[in-house]
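Starting off, we have a lone chain in the form predicted on its own, written out as structure tokens.
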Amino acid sequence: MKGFAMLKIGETGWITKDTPACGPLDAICKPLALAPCTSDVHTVWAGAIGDRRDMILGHEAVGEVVEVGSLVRDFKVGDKVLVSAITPDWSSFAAQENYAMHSGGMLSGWKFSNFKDGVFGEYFHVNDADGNLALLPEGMDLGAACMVSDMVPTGFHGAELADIQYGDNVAVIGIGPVGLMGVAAAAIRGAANIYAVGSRKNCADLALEFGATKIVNYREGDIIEQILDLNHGPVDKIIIAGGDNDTFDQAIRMLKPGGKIGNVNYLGEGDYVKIPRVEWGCGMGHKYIAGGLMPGGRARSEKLARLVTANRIHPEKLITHTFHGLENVEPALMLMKDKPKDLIKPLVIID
């Protein structure tokens, strides 16, 4: 089979590999829709997780099952499925401790385009199929379904990590596709004021549609001053879905004592993050930082899909560019790398 791969740090290309083998608990799928991610960009061009050679990229997909292992109970050939970007080993000790995303070691539930070939090929392998696939709801938009693989659960995990409660005033730093879903999650969880930090108009407009109450443009002044002024003081909770290693410095300065930060931003470069000592209460300010890889798995995919089919969230609105055919995974990924102003998220439909 052919697939679009990371050849080495800084270099991509099409390669030919054997079709993956199916273990007794596993499934082999062919893609119906694919989406490149900024994480792919960090992986290839920043070398964020180290060198990977001839590794097929991609972790966002909707698929059709073409083979199942002998012990798979709930899926059969021909099923159209949601595929979680994070595919833990559900019998692991980490899963039993409620950290399935770290089964096998830190971040090891993230297998696609990290430890094994990803989904940007003619076929892809899914471990622990009963735990990591979910049936595609009838009539569900393929763009929305593809966003349920990663963008939706990652944004929602930011809201979970920040422990957003009804009435909280919340800042969401970064309103790309993950941050936009963080805005939607904060609204669903009952946040009062939601200050969405970003500069691109299409993202700002969608953030307001998803529930943001104010847009804070970092090009128009210091975001700390803007948010403290809008909120008349520090906020209760913060979701970090963009920025860089210095963003934690800004977040701590605008967070009240007892407040919580949920980080779901992939820090692709640098060795350290910066925490301001005094504003962190000299280490005793009860300002909490939680950074987490999104949970994967079937139950979560099914629940998030219900939010889509019940019209509570609209992740299909993240899609700004649509391509057709596996060969167009490459230009779609380059869009994510170059980030033109009109881009939020590209989608590739496999016709």
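Just so we're clear, the structure is a prediction, and the values are computed from it rather than from any experiment. Each residue number is its position in the shown sequence, starting from 1.
This protein has a second form, the form predicted together with a small molecule, left out of what is shown; the following refers to that one.
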Problem set entry | Interface residue in the predicted bound form among Gly143, Gly242, Gly131, Gly259, criterion: non-hydrogen atom within 4.5 angstroms of the small molecule | Gly242
Seminar exercise, completed: Among His42, Lys303, His321, His314, just one has a heavy atom within 4.5 Å of the small molecule in the predicted bound form, namely His42
For this session: Please determine, with the chain shown alone, which of 272-280, 91-99, 143-151, 225-233 has non-hydrogen atoms within 4.5 Å of the small molecule in the predicted bound form.
Result: 143-151
Exercise. Heavy atoms within 4.5 Å of the small molecule in the predicted bound form: does Arg200 have any?
Worked result: yes
For this session: Verify the contact flag for Pro177: yes if a non-hydrogen atom of it lies within 4.5 Å of a non-hydrogen atom of the small molecule in the predicted bound form, no if not.
Result: yes
Exercise. Should Lys17 be counted as a contact of the small molecule in the predicted bound form, where contact means heavy atoms within 4.5 Å?
Worked result: no
For this session: Verify the contact flag for Gly292: yes if a non-hydrogen atom of it lies within 4.5 Å of a non-hydrogen atom of the small molecule in the predicted bound form, no if not.
Result: yes
Exercise. Does the trio Cys29, Arg73 and Val119 actually contact the small molecule in the predicted bound form, every residue with a heavy atom within 4.5 Å?
Worked result: no
